[in-house]
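So this first bit is one chain, no partners, the form predicted on its own, shown in structure tokens.
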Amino acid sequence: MTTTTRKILTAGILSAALASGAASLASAQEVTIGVIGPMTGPAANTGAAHRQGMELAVKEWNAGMVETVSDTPPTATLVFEDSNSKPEVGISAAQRLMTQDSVDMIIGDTLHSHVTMALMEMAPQYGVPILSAEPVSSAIADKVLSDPERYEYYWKGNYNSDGYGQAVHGFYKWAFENDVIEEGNKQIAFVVEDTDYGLANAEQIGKLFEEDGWEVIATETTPTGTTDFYPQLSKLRGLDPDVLISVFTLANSGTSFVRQLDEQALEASHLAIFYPTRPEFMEVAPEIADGLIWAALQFSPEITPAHQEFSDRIEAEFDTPANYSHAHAYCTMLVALRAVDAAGSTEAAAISEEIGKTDYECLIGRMQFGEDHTVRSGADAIPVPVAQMQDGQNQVIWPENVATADAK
């Protein structure tokens, strides 16, 4: 870093600190929230859903259409910035939001764990609260636990990778015990995108299976956006795993993987993570994914009336039906607004303290944070149900107490 660059950055930090301090002196009649997500690039469709979900939340909040904490809630203004799915772009976006737009809080990254790993460092540097939305990687929570004082102002708005781990492990344990799926030789394999998200899920799931005497025989990684999986599938056909887990954030990767897996005719039980939530995948699912088992079905307008009602509101506003990303973004924004309302201030410490006290029932479940500043998962928090595509429609098949159909 040059001397000139360092002076500019220092000036920016001081300006942001002064702006934050000035804001904290005022009551929270108005709050400006910056949002960082993939507005362009391969994940732009998800970024667009996040933006629409948050815009609807703010519109309904400002109009008094949702439950508030106080009788005098603040009016909210949003400023969006693009991360382009890249950490360095996300950092530049955060600096603009803090030094030029003087935001009181940031929600970001809205999708990527690897971008969030970079953004969370900006919370202690600038003294501004940061709440991520969909990122899952447990590595984020591990950083918080390693230095709670440093990450006092950072919060993670989605559960950890062990939420998927416990769901996948719990489902298969139940399926083996009830003769739904044959246990075989206890060998599991993974094909995951080479990101903190993909690797953390494979690690957490593999660890739970190994505790039951299983062997992880392969963890194949591919760059984000990969559509040619023949090399990985040819290798796995020779290894003959009993369970195969695939993890991708982009629908085109998932679509290609499911098509090519069917062509290779592996006999393994296959479970997909995340990409079946994407509408682009579901558009082709009826022809390629009948019988597909996947996690997690957390937004299901076809079987949940409250989700259909939310989808209708999104469609009325943006001329598109809602998906899981709309719902998660909507809930994340309401968590942020409720924290500012409860704090009665835009002071960072006050907002951060109120985020930690969150106990809010939203579309995707009950939002509460643990000691690692991460939203909890489980039956009494954010549920992580396993679903199966049956005759063109998703059905919950596990846990049994919320199942809408038997597993086939």
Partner chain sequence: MSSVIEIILNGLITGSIYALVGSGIALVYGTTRVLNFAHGELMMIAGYLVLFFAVTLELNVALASFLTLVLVGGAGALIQRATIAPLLARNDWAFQVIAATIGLSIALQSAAQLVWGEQFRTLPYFFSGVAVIGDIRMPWQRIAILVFAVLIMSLCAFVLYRTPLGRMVRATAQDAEAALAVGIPSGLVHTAVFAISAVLAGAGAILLSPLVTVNPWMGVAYLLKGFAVVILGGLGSFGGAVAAGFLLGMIESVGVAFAPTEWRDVIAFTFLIIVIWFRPNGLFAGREG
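Just so we're clear, the structure is a prediction, and the values are computed from it rather than from any experiment. Positions refer to the first chain, counted from 1.
What comes next is about the form predicted in complex with the partner chain, which is not displayed.
- The candidate spot formed by N45, Y230 and Q264 lies fully in contact with the partner chain in the predicted complex, as each residue has a heavy atom within 4.5 Å of it.
- Between the partner chain and the residues R150, K207, K235, K173, the one pair within 4.5 Å by heavy atoms in the predicted complex involves K235.
- Shown without its partner, this chain lists D242, E203, E220, E121 as candidates; in the predicted complex, only E220 has a non-hydrogen atom within 4.5 angstroms of the partner chain.
- Heavy atoms within 4.5 Å of the partner chain in the predicted complex map, among the stretches 32-40, 337-345, 377-385, 64-72, onto 32-40 alone.
- Proximity of N252 to the partner chain in the predicted complex falls within the 4.5 Å heavy atom cutoff.
- Shown alone here, R259 lies within 4.5 Å of the partner chain in the predicted complex, counting heavy atoms only.
- Although the partner is absent from this view, D196 stays clear of the partner chain in the predicted complex, with no non-hydrogen atom inside 4.5 angstroms.
- Among heavy atoms of E280, some come within 4.5 Å of the partner chain in the predicted complex.
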